[in-house]
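Presented as structure tokens, the chain that follows is alone, the form predicted alone.
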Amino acid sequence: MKGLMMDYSLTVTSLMRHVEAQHGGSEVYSLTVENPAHRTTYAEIFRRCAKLANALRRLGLTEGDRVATMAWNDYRHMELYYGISSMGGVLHTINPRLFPEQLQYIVNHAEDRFLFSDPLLLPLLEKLHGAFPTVEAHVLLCSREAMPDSSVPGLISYEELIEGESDSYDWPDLDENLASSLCYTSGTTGNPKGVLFSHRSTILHTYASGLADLISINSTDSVLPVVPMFHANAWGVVYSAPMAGARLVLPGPKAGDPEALVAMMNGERVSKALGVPTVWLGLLQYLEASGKKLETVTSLVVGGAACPRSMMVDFAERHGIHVYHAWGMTEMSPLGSVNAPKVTTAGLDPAARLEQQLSQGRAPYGVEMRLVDDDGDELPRDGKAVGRLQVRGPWVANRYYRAEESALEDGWFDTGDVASIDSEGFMRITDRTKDLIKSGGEWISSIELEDVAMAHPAVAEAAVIAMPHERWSERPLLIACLKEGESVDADALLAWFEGKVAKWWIPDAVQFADELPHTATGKVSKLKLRERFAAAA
């Protein structure tokens, strides 16, 4: 017997209708090249979404066509998010920090028909536009008056494109299983892979991310997604904040500028912000150097890489800000877990609670997790067993775009992470599979060593990689960047590890660097470090 409920599709269009009806007056602040303080509302954004949809329909966009964006976090990019998906097109967000060869591969593999770019990325577009044979029109996200001279044929401004179009659009009733957006992984090995999200997966992910034990966004919040809108849909915040009616603060091209971020967070009374550790490390260092405070921020969400213990402690003790550790990946839309206490763990003593906060947290309903060994046998949830982390759920990819083979193993997606899960469901990433160090047949966690190194008062950032060793096969090498004005020698830094990790875990050597290389998504690039120090070995 089937239930007798309405067959109501979960679509981005239905979310747009809800937000317009319930939260149309909520503000969206954007920092753009043209305007350092652009203010609008959700209702105005959706009115302009209709103008965009009419313009794209005039250009011949049909259901399933891909429309690419290379843009920062601002209101025009948000209009593309809703307008393209709601008319049946596929929003394809592209990370402009990737290598040119990767960008060319991504656009051509997706067969994008139109490309919308930020004005600051025009030099990149001028170099690459000829390598995109499927792209029929290029649009610059600015006004007609702000259009620069360019060698890109037929380049048009966004405002000129939608000018004169009706602000009313007959939005189609879409099947919730239709594709809504497309995002490619960074492709550290081989070509990037496309993850094709559906309307249904997007809305279910949006529901989950707003839960109290997850990102917990409500209508009184002012939310700043520092995580780029080109990276896994800004972790879904551009959907979850409007769903709750929260105010959005979009940092434009200043997401990596600590001084600008602090001014924005204080000026716009931000309560919650989300970003990768490298952004928050830079912001923390700026706060310490300038003596400034974050006046209204109550919590930060850290994901994309492991959060250093020292950063979590500094934000809590010096600034009264709680750091929520989160974990996920593009293939998961990207939310996988967030660290929030349970009634059985909330009463832990401060040291034990901090230790638990450093884990990647608990999976919400909608994400199942398991650990398996090399033979595929499931491991116990005892906080001790370590194995390959696998996931499944309604917002987890089952295969990559235009790939024939499934991405699943026995119905589960292998994340490439090595982890443990305790009896309370708290998951702790031990390492990436490719970053583990096997010394004398035993595993060493590079993440734990990095965490210890970054707790040293002189260290700003650190990374640990495996180096070949004649006797032990591999041994850890520590690469450290020091804080400005601080100094420590290699022997003293290695002595810092004594008593904090097993003696045989302690790195064999230290290399100091002015800065560490980062990937296009803000993570430390261990691939580049291995290449650099393998050549020096």
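None of these values were measured; they are calculated from a predicted model. Numbering starts at 1 and runs along the sequence shown.
What comes next is about the form predicted together with a further copy of the same chain, which does not appear here.
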Please run the contact check for Glu126 against a further copy of the same chain in the model of the complex: heavy atoms, 4.5 angstroms, yes or no? no
Consider Phe132 of the chain shown here, and say whether it contacts a further copy of the same chain in the model of the complex, taking contact as heavy atoms within 4.5 Å. no
Taking heavy atoms and a 4.5 Å cut-off, does Ser290 contact a further copy of the same chain in the model of the complex? no
Considering non-hydrogen atoms and a 4.5 Å limit, does a further copy of the same chain approach His23 in the model of the complex? yes
Though a further copy of the same chain is not shown, can you say which of Asp314, Glu111, Glu165, Asp213 has a heavy atom within 4.5 Å of it in the model of the complex? Asp213
None of Ser420, Asn95, Asn339, Ser198 but one has a heavy atom within 4.5 Å of a further copy of the same chain in the model of the complex; the exception is Ser198
Counting only non-hydrogen atoms and a 4.5 Å threshold, tell me whether Leu178, Ala244 and Glu424 all contact a further copy of the same chain in the model of the complex. yes
Which of 219-227, 428-436, 132-140, 281-289 lines the interface with a further copy of the same chain in the model of the complex (heavy atom within 4.5 Å): 219-227
Where, within 346-379, is there a heavy atom within 4.5 Å of a further copy of the same chain in the model of the complex? Residue list please. Arg362, Ala363, Pro364, Tyr365, Gly366, Glu368
